[in-house]
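Given next, in structure tokens, is a single chain: the form predicted on its own.
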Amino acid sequence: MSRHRAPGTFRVWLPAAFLAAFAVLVCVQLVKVQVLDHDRYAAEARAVRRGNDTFYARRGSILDRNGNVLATSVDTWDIYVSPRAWKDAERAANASAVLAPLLKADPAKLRVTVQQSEGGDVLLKRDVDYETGRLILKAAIPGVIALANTARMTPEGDTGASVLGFIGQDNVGLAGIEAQYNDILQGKPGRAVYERDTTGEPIPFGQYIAIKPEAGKDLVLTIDRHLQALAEERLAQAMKDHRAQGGALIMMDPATGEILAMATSPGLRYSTLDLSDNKQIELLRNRAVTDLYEPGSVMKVITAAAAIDAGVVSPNTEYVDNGVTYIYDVPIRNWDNNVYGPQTMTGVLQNSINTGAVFMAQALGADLFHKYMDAFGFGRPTGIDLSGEASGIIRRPADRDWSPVDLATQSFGQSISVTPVQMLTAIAAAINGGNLVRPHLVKAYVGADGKREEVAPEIVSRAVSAQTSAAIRDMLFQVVNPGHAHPAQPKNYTAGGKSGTANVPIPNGYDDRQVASFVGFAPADDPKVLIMVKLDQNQDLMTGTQAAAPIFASLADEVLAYLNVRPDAPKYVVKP
């Protein structure tokens, strides 16, 4: 008996065709996933199960010249949570209940923070103290990750804040020495790469790759913490006494360019720093290197040094002061409108005679005068190791709007703008033997292995001869010791210096605001310290001699005694 197959029907072939087409699509997709796009999907899978954490290196400490700590880092922890580990409400509630007391936070707020995140691991708190972080690790809270970090501490409080600067949350320097030497201080961060499960927890014995962080170097500054605190204290008191709006007080070793102290106001204070206040952003700059002012009669020291070095005058060259000199019918008068009659060049500095400075500048001529301005570093940055340094402004004969009146006024510190550090560096060259030295704040680097690298003083150029420098020291000694009591005379040391009182320039003239300053050195024959005292807009309108010179005198006695320099005032010198 023969058998017959049932003929196919539409209801049989249609499902079969659909299933065959579906099978083909699945196979195509499998080929696409497993073969054509294998690398992309494998990479995505690895990314999902791979954790990648950065470990910041120990940031180098900042020390004063004697090894006292000014800024250092302490071990802390950054606490993260993996959102996948807290997807289960009950698990998240239990975990947050354990974590919240350790972080001194509200459990519900912790859960909300994690739930609202859109990215990877959620940072809950940065710089948790070391012991608390250890407790969190010991508690083994599901989904919680503690990464080692460091926090910056300043044991001296606000002292030196404008010099030191500060770092951001990513351990990168944002201002001051912290920013200038960030690459040296920061070291190299480490990294950990590991496999984790679907809850974000590391897989035991999973792949683990770690790069250890390399600690940053310590910096030894030229700053002395005691002198820095003293400078800040005296500047604050001087501003209060003379109702000044700001100022600077800088101490330098004139032979090496080492800055022993640098106080500026307004300035950065850690205790009141609030970066959300736009006005405080201005405090991040160090005004001793960024802000310009007209130095006034302090510039007469440089004019005298240039004229003596060029041989056009000597300290005893005489001229007759009539109280006024005319430059193309423009009268140039003395600051006090006085007439001094016959004077030597030393007398010009002693009495701060404007017309005498003009006499020396005219003897030099404009081209030679500006050649010496270049030699003393005016019109360009000093190269001090702080960011934002201004170049200064000096009008030159090649400028379209220059006139011989500019030469006259520049000779006594007008029509020229400088920074406090620039002016101090120029005076250092005039009295240290004639060398223009680069001012600097870092004395040495110390590696993690204890190896110390000294930063050698740098002589930029020679400004004047050693003979000229000796003559200037003697002239400035006679300014401070004119044969009678002078506000700048220290009690225990010989000294030299020059005051400056300059009005603040405005378009087409000057207003009644002034800058009162004094730059002095001691001992007179072998200067160990050069000090600038500068008061901005002192409301009592006292001159640099009246307001700033007495501060120098008292500081010279105190600073040199601290530095163990033998007193050399006449009363201490034994006559043969």
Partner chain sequence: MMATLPRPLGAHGRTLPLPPGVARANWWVIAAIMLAGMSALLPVLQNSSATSRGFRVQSLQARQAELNGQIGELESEVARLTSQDRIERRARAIGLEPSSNPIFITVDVPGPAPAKIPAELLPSPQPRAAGAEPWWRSLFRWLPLPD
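Since the model is a prediction, treat every value here as computed from it, not as a measurement. Numbering follows the first chain given and starts at 1.
Note that the form predicted together with its partner chain isn't included here; everything after this is about it.
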- Heavy atom within 4.5 Å of its partner chain in the predicted bound form - residue from R380, R134, K109, K87: R134
- Message: Exactly one residue in D183, D274, D399, D75 has a non-hydrogen atom within 4.5 Å of its partner chain in the predicted bound form; which is it?
- Response: D75
- Within 4.5 Å of its partner chain in the predicted bound form by heavy atoms, the stretch out of 280-288, 410-418, 458-466, 152-160 is 152-160
- Query: With the partner left out of view, is K125 within 4.5 angstroms of its partner chain in the predicted bound form by any non-hydrogen atom?
  - Reply: no
- Would A229 show up as a contact with its partner chain in the predicted bound form if we use heavy atoms at 4.5 Å? yes
- Message: Check E454 for me: does it contact its partner chain in the predicted bound form (non-hydrogen atoms, 4.5 angstroms)?
- Response: yes
- Task: Using the partner position in the predicted bound form, report whether N492 sits within 4.5 Å of its partner chain, counting heavy atoms only.
- Result: yes
- Task: Using the arrangement in the predicted bound form, list in sequence order the residues of 257-279 with any heavy atom within 4.5 angstroms of its partner chain.
- Result: none
